[in-house]
Structures are given as structure tokens and as C-alpha cells.
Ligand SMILES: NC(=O)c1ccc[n+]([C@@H]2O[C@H](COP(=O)([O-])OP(=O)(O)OC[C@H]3O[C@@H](n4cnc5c(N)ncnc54)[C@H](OP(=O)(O)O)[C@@H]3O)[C@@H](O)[C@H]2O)c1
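To begin, one chain is listed below as C-alpha cells, in the form predicted alone.
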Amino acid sequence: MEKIGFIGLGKMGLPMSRRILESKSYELFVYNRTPGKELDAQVVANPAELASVVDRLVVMVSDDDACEAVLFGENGVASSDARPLVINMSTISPKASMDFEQRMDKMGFGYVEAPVLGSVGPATQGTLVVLAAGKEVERARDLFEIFGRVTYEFPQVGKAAEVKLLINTNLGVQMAILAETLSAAEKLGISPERFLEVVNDSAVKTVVSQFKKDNLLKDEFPAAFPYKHLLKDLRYSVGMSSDAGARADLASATRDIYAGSEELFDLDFSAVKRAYRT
């Protein structure tokens, strides 16, 4: 049975790892920087040890720095004598992903970039949308079928990361304008329930307005997609667009709205509603 490694058992990594186990097609080995996650898999001490015992290795961590640490830091994947295929499903900056590919390639590792669209629910159900790029995407397709309902492939590493950040920029802007107009409706004496009912029966209905309605009305924000991660993505997106000479007016304004409420960082990104309290 082929051995698969998984680094990162956070909100997304844990249900994705479980899907590998549930497939009963692979032997799973895992490493998580924070110990104690419940998973019926073989746990290893560090990324280097993990790389030494698996054929392919999935990385699902929070940002550029976390990827740098597990790939190239002390006892990182790159310090292993083995050379498994690295499938990086983290949402990171395109610059970092391209840099990781070049460094891994020089060391003899295959590298696939594969961020996903979707949060905990789709990760649990195996209905994520996978965005994949790299010379060895074909070697990862069977895993993508376990994680997602569809895979969109791009010609080179960096492009999948760019698309992911642009999608999450839309997500952040949609959530911010919904929170802003809901706040205005409340101050105008309009029932929040009635306002959202009309929004969701209009041309401005979105997946965000439908699936985050209960969060907004109950003022409860369990983290399906953490606020701090969306803010990170907005920061990466603004930098990416700036580097490309593209305008990022709304992205920059939305980034600043999210950045102003540090106390919300561990809640769901829909908690931006609280940023509009005065």
C-alpha cells in the first residue's frame, strides 16, 4: 500500500487527512506542529522523518512562513535523504510557491502547487475545488479526487496561487460589503432578518449572503474560514496585484477593514460584521 504523508492537521488538514484514511487506499503518516490532534494515522516527529518514509507528501499549513519552516527549516522536508513528491495545498503567495518549486527542483523533489476553494464542510465531504499547477500534477490527481469534486489545472506554478488569492479577494469584499450594508440597515431601523431575506431574493444574492446569514443574525462566528487567514490572503493579494501593475482599490480597502479588528482573528471571517460596531 502506498504511503502518503500529510503535514498540517488544522481546520482543513484534519478533515482532508481523514478522507485519505476513509479511502482505505493508502497508508497515512502525519506531522503537525501542534501535537494532540485526533487521527488514526502514524504520527512522526518532524517533516524530515515524514519525508523519509512516504512516497508523496501533502502540505496544508497557514502561510508562507509556515511552509518555509516545514519545507526548509530545521528537520524540514528538504533535509531528508528521500525525495517524495511534495503537493503544497496551502494558500500562500505566488512568489513563495515559485521559490519553493525552484528550490525543491534543485534538490531533486517534485513539487505541485494545489490550493483549494472551500472551507471545513467541503473538506469533510470531499467537495473542494482544487487549483493545481506544476510539471507533475498527474502524479497527484488521485488524491485530488479524494479531496475535491473538480480540479482546475494551470500551466505553471504560481498561477494556481494567483487564482486562489483573487477568488478570496472577492470573498472578502463580498463579506465586507454585506456587513457594511447590514450595519447601515440596522441603524436605519430595518430588521436584519428582513434585510437579509430581501438580499437573498435579489440580484445581489451570493453564496456568502446565504451561508453566513445565520452567523450574522445570531452574532456567532465559529471559524469555518478563520478571519486571520482571509486577512493574510488579502495582504498577499494586494501585494501580488501591485507587483503586476494591477489596481487593487477594493482589495486594499477591504484589507484595511479586516486589519483593524485584531480581536476577531480567531473567529470566522464573517465576524467582520463586528468591525462595523460603533
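Start at 1 with the first residue shown and count on from there. Computed from a prediction, not measured in an experiment: that's the story for all the values here.
What comes next is about the form predicted in complex with the named molecule, which is not displayed.
* **Option touching the named molecule, based on a heavy atom within 4.5 Å in the predicted bound form, out of Val157, Ala176, Val116, Val137** => Only one listed residue qualifies here, and that residue is Val116.
* Scan Leu39, Ala66, Leu250, Val44 and let me know which has any heavy atom within 4.5 Å of the named molecule in the predicted bound form. => So the residue touching the named molecule in the predicted bound form, by this definition, is Ala66.
* Asked: Just to confirm, Arg56 within 4.5 Å of the named molecule in the predicted bound form by heavy atoms?
  -> Answer no; every heavy atom of Arg56 is more than 4.5 Å from the named molecule in the predicted bound form.
* 4.5 Å heavy atom contact, Leu217 and the named molecule in the predicted bound form -> No, no contact at 4.5 Å.
* Though only this chain appears here, would Phe225 touch the named molecule in the predicted bound form if you measure heavy atom gaps against 4.5 Å? -> Judged by the heavy-atom cut-off of 4.5 Å, Phe225 is in contact with the named molecule in the predicted bound form.
* Asked: Would Val120 sit within 4.5 Å of the named molecule in the predicted bound form, counting heavy atoms only?
  -> It does: once the named molecule is placed as it appears in the predicted bound form, Val120 has a heavy atom within 4.5 Å of it.
* Hey, of 48-56, 241-249, 22-30, 227-235, which bit sits against the named molecule in the predicted bound form at 4.5 Å between non-hydrogen atoms? -> Stretch with heavy atoms near the partner: 227-235.
* **Partner contacts in the predicted bound form for 86-105 (non-hydrogen atom within 4.5 angstroms of the named molecule)** => Read in sequence order, the residues that approach the named molecule (within 4.5 Å, in the predicted bound form) are Ser90, Thr91.
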